[in-house]
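Consider the single chain below, provided in structure tokens and representing the form predicted alone.
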Amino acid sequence: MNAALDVIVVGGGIAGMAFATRLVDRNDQQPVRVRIFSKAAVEASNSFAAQGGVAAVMRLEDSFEQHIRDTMNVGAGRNDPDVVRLVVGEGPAMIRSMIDLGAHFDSDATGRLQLAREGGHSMARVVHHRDRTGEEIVRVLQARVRSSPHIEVIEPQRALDLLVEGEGTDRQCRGIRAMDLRSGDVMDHFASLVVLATGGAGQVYERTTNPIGATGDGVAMAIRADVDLRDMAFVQFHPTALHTTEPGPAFLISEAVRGAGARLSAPDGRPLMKAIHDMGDLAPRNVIARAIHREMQLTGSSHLWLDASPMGVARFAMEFPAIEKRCREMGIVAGRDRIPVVPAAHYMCGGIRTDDSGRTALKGLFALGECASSGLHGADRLASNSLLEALVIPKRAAGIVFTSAPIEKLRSSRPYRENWLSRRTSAIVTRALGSLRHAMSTHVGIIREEGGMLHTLCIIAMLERQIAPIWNRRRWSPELIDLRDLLVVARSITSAALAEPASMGAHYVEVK
């Protein structure tokens, strides 16, 4: 009997589960054991919250070349064309594969898939399950994870750092250090291969569609381990988050709502996008987010309006039930009343540099999903390409694991320290989080300026000095751990933005 390949996956969203299930499907090649370390249930992830869908060429009137062109145009040509072609080319087969696994995508009476059109797309090509596509894909993958004897989900576990051994070209990732969020115990866990699938870092900004767990864990761990990154300057802001005065993550109003006929309007009622871009309300997200941001600055308004009345109340409720429900809770009749919207940080277009199969520059380490940069997105992400990438690249990664990871006698997990968890959050940490988010939102957000970005680096350095004594006392609250990672990611975003003098995609520099 061959020795088992032991794999740790950090993150239990779509990318992590897609990889794990594809890998155990190959268990006949080599026995495999997968442990998924997750700090929260998948229902608290960006994956679960994803509304729009999966972009794929599913009609004869569409073509791979058009999808590739749209992806490259939105990405401002910063994309890796080979990766774009590869991922787009696998889209139709991936959709059929998900349907075979039990995914229910919206279709008409004849069984033909209904396709939505979103910003930056020249054609309707977004396969969806109403406005809960992420939830549907999670349902299918979670069932597969739970039914597999080769996959173990371990939660709530907060990954802290990568375990790296060796020097120079012999450096290799051997595992992770993680904290059990119930006991506070910190353990070192070893594996033949570590896969980071930790999602994004929207919590570095004041207003974000991301859940509270989107704190850039995987990217920060990679930075501390000196793993190469790419395109960290490019942070996508979604143009239409629901405007409320409530704290916490902003509720997303899917771009598919505009694809179905809704239109953005200024406070005085005039159409916003008609004179700004030839694609109007379906222009790339960075264009629309900047237009809303500028209009808010000019008028002093706290939000703009999304008018979905061309759809009507009944159609809106049928096609976007989750959005309709949230609007109704606010006293808004979607499809009749205007919806108040505002841009919010949404997606990291850059991340840990990988090849087209998820391999990083560090032996024994893969990265998948939003924390990774495969080269697909470039300077801005084409809508609904992210779920496509989160299914295609993990499948490819699973296909090469047995030739990329050494099969070694596995070392047992070992305690590093006992109970380092503090349930109390220092006032210093709370203030530091607020200061960081304000600086990033003001100076490294939708519109940037060199002086503001330099000022933000000074603020980050000051905050790092402030929390160092608290960190060294080894009594860590979850908020302190988050802040440690967010500071590292914020420094990377800001430094990368300063190194990009020309405006491109989601990075827009204003010269003063």
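Numbers for residues come from their place in the sequence shown, where the first is 1. Computed from a predicted model, the values in this text were never measured in an experiment.
One more form of this protein should be noted, the form predicted together with a small molecule, which is absent from this view; the next part is about it.
**Q** Look at the candidate spot formed by Ala15, Leu252 and Asn385 and say whether the small molecule comes within 4.5 Å of a heavy atom in all three of them in the predicted bound form.
**A** So, yes: the whole triplet contacts the small molecule.
**Q** Residues in which of 444 to 452, 65 to 73, 51 to 59, 471 to 479 have heavy atoms within 4.5 Å of the small molecule in the predicted bound form?
**A** Only one stretch passes the 4.5 Å heavy-atom test: 51 to 59.
**Q** Could you spot which one of Gly358, Gly378, Gly199, Gly119 gets a heavy atom to within 4.5 Å of the small molecule in the predicted bound form?
**A** Looking at the other structure, the residue within range turns out to be Gly199.
**Q** Considering non-hydrogen atoms and a 4.5 Å limit, which listed residue (Val342, Leu229, Ala159, Leu272) is close to the small molecule in the predicted bound form?
**A** Here the answer is residue option Ala159.
**Q** Using the partner position in the predicted bound form, report whether Lys395 sits within 4.5 Å of the small molecule, counting heavy atoms only.
**A** Residue-level check for Lys395: no, no contact with the small molecule.
**Q** Look up in the predicted bound form whether Thr456 has a non-hydrogen atom within 4.5 angstroms of the small molecule, and give yes or no.
**A** Thr456: no contact with the small molecule in the predicted bound form.
**Q** So, in the predicted bound form, is Asn286 in contact with the small molecule at a 4.5 angstroms heavy atom limit?
**A** Flag for Asn286 set to no.
**Q** Any of the heavy atoms of Val10 lying within 4.5 Å of the small molecule in the predicted bound form?
**A** Val10: yes, in contact with the small molecule in the predicted bound form.
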